[in-house]
Each structure stands twice: as structure tokens, then as C-alpha cells.
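Below you'll find only one chain, the form predicted on its own, shown as C-alpha cells.
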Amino acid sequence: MAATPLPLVGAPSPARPEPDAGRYPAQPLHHLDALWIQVAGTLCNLACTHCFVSCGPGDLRHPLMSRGEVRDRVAEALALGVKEIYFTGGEPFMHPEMLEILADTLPRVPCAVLTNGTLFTQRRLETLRALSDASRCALEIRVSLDGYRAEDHDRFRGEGSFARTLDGLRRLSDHGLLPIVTVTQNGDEDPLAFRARYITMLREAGVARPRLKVLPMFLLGRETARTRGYLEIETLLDLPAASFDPDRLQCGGCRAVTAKGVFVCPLLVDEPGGRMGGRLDETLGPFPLAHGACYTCYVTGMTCANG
């Protein structure tokens, strides 16, 4: 995956005016393949300095979704042809019924849970393993890591979090759950050397078969205070139609839901214009790529999905 473009010199632009949708490329929804469920809302046990949704302890800006609400959203999604479910937050394992929600969902469709890896009790690990063994559908656990050294990761996620996350990764591996490790690349380090450092570190830490997914930084949420927001030139405004590839972005095949409704993708649940409706069948049309995050996705070719 391409590295994130280097920050441009200059101050962030003021809030952008209401977009002229006709001047932005419109991303069609080819087919609704994936649904992102912000099951824990914005509640998290950490307050990471780069969180694009600014989640944290006690934060219920997006409330937790009830078990029944998740069950209804999954049924709605499956009726529209969804093939995989992603559970996110906040921190999904802050939800008191996360294991029960997985027990409801996993028999019906492959699931992935995105977590910071610090809340794996023995009971949770044993239950996750049992759910995985009992289902014909795949269960993936994705764990976020923001440095191959403690000082780097802890700078983002708090002192001691690196050790706790590595312990969670080891224990997942010991239970045969083969975690996907999501890492952020924030600079111009050679991609092959960057990946090799992580793979070596994870193997030495006891993760038997490390799998790595590299993501760029998004200039949203708390990251705007840590570094900056998007500049006025970081936009897809007036992108020539001949240059636009409608098969490049994940929003051609996904939607995201929170307790507040249906959004185009998990990155834009706090962005004006990111909400598309109250029901999934209201959100099957095109979406104007008028946000800074759309620029990052398009330039890097990234996807939040496991693939």
C-alpha cells in the first residue's frame, strides 16, 4: 500500500462551505457487500491522540447500540445482500453484550471485530474461540498497533498500552484466533522495510503467524489537534471525470450504522453530510466525495476492510 502523502506546509483551511455536489466525483454504490456497525458508539477505554472519531472513556456521543438494534440492522443488511459485518466503536469489548451479539451474528455471516486488544479476559478468549469453532462463518479479530516500539505506540494510546496490546495479541495467537494487526504508516519509510520491522517484532513477541494491514493516518477527530486538519488543496473537487475510477473506494460496497443512523462509511460518522439516512434501503444511491477523508482514501487506494 502506498505511504500517506507527506504533510503539506501551511495552516489548515477553515471549515469548508457546503459542497457543490456537482463539482465532486459521485461514488456509486455498486452493491452493498459490507456493513460496519459502531456497536460501542464512541465509548472506549483509551483516548488515543489520533482517533478519527475522538472516542474515549465515558463518551456517549454515539451511544452503545442495543443487542436488539444490532440484530435488526444485521437482518436489514442480509436482506440487501451484505456478505460481511465489521464491529467497531469506540472499543467493541466495552459493550457488555459483545459476545452475545457475536453469537447472534456469526452463524449468519462472517464477522470482524476491530479492537485495541487490551480487554481480552480469559473468558472472552475462550468464548471467542468457541464461537469461531462452532460457526461455518469466519471470525476475524483486528488489533490496532501504532508502533513497533513501546514509546511510539504509547505516545498515541497511553503509557503501558503497548505491553497490554502485545499481551492481547499473544493470547489471541495462543487461542488459535490468528489476529490481523492494523498499523498506521505516518511518513515516507520504505513500505517493505516498514512491514518487515512489524513482522519481526510480532514474531519475537510470540505471535506465531502475524498478519499485517497498513492504513494511512486520517486528518479527522483528535488527529486535527495532534497534527493538522485537511488543507484546502487536499480535495477531489473538480477531479476530471476521465480520471475518476469508481471501483477504487470501499464506499462503493459498504455502509456504516451507529445508534444515530446510516452513514456512508465508518470514517465519516462525525462529519457533516456523512449521514445518509435512517434505514439502509435509503442509502443505496451515490455519495459525493466532498470530504478530506475521501481524498486520503482515493490517493492511497486504501480500504478499512480486512482485504
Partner chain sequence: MSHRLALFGGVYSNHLALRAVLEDVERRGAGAVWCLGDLGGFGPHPDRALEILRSSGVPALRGNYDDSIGHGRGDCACGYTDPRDNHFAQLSYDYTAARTAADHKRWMAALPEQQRLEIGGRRVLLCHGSPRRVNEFLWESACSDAFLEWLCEAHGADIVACTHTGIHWHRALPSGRHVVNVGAIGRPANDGRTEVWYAELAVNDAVSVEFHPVAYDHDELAREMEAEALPPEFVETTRTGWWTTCLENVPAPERRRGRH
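Positions refer to the first chain, counted from 1. Model, not experiment: these values are computed from the prediction.
Form predicted in complex with the partner chain: not shown, discussed below.
- Proximity of Pro110, Arg129 and Gly307 to the partner chain in the model of the complex is complete: all three residues have a non-hydrogen atom within 4.5 angstroms.
- When you look in the model of the complex, the only residue of Leu236, Leu177, Leu166, Leu220 with a non-hydrogen atom within 4.5 Å of the partner chain is Leu177.
- When you look in the model of the complex, the only residue of Lys260, Arg279, His31, Arg248 with a non-hydrogen atom within 4.5 Å of the partner chain is His31.
- With the partner chain left out of view, the stretch that reaches within 4.5 Å of it through heavy atoms in the model of the complex is, among 92 to 100, 152 to 160, 77 to 85, 226 to 234, 77 to 85.
- At the 4.5 Å threshold, heavy atoms of Pro191 reach the partner chain in the model of the complex.
- Although the partner is absent here, Pro210 is a contact residue: one of its heavy atoms lies within 4.5 angstroms of the partner chain in the model of the complex.
- For the chain shown alone, Arg195 is a contact residue for the partner chain in the model of the complex, at least one non-hydrogen atom being within 4.5 angstroms.
- Using a 4.5 angstroms threshold between heavy atoms, Val183 stays clear of the partner chain in the model of the complex.
- Residues of 117 to 153 placing a heavy atom within 4.5 Å of the partner chain in the model of the complex, in sequence order: Arg129, Ser132, Asp133, Arg136, Cys137, Ala138, Leu139, Glu140.
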